[in-house]
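One chain follows as structure tokens, the form predicted alone.
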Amino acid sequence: MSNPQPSPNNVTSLADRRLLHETVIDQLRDLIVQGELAPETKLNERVLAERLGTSRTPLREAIKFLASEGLVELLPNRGAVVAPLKPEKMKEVFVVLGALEALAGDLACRNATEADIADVRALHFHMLAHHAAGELAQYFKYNQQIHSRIMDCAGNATLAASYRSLNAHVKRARYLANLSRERWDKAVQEHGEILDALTRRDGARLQALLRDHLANKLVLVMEALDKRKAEAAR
């Protein structure tokens, strides 16, 4: 006896729920990454549901998902809070990310197709447009897509999965590194060099550029965290 097939309405309903789930996750993640919800802020479900225009069920699912990314902490009998940014943890993760991105750069230079490189170039130009317009949030989205796309070009699924898992934990820190206009401009310059090395398929240079790019971000992140700590102590 064959299994009953889901009706078109059920399929649509499932797709709608999945889209809503992903949308709420993205919206809440943006609020945290962009600093609108500061570290250690308690997540008030009623307030957030109203702000995001959703019900509490998809919001609770989003909170649990972002806890798996390290952006939220679930506290027994106290609800959920935005996870604190811990300097020592940031240092550990950035060192590993630098090594992963460097390896991906070398592999991408060997394995990327011309279409892959064209994709990275298109993302780069979108990123430049948002930088010119002073649109940091939109710039950051394309910036992250470039790093992810280079990771995909490496052609190593294990490497990509490890990178994305770790990168989720430091997205806020990477965003912080661009809050200074001087640093933001420098990051754009570095990205131009990264694209040039990929286009030339210069694996050794791309490895060094990506590793240095992450090291530079870490320095800025540590400075930003020290500044926040000093301000909080006043």
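Here the structure is a predicted model, which means the values were calculated and not measured. One-based numbering along the sequence shown. Rigid core: the largest C-alpha set superposing within 1.5 Å between the two forms.
Omitted from view is the form predicted together with a further copy of the same chain, to which the following refers.
- Between 174-182, 196-204, 59-67, 34-42, the stretch whose residues reach within 4.5 angstroms of a further copy of the same chain in the predicted complex through a non-hydrogen atom is 59-67.
- Interface membership of residue 157, defined by any non-hydrogen atom within 4.5 Å of a further copy of the same chain in the predicted complex, is confirmed.
- Contact annotation for residue 120: none of its heavy atoms lies within 4.5 Å of a further copy of the same chain in the predicted complex.
- Residue contact with a further copy of the same chain in the predicted complex: residue 107 places a heavy atom within 4.5 Å of it.
- Heavy atoms of residue 164 never reach within 4.5 Å of a further copy of the same chain in the predicted complex, leaving it off the interface.
- By the 4.5 Å heavy atom rule, the three marked residues 214, 218 and 222 all fail to count as contacting a further copy of the same chain in the predicted complex.
- Between a further copy of the same chain and the residues 128, 96, 81, 137, the one pair within 4.5 Å by heavy atoms in the predicted complex involves 96.
- If you take 114-143 and check each residue for a heavy atom within 4.5 Å of a further copy of the same chain in the predicted complex, you get nothing at all.
- Annotation: Cα of residue 55 displaced by at least 2 Å between the shown form and the other one, core superposition.
- Annotation: Cα of residue 96 displaced by less than 2 Å between the shown form and the other one, core superposition.
- When the rigid core is held fixed, the Cα atom of residue 204 travels less than 2 angstroms between the shown form and the other one.
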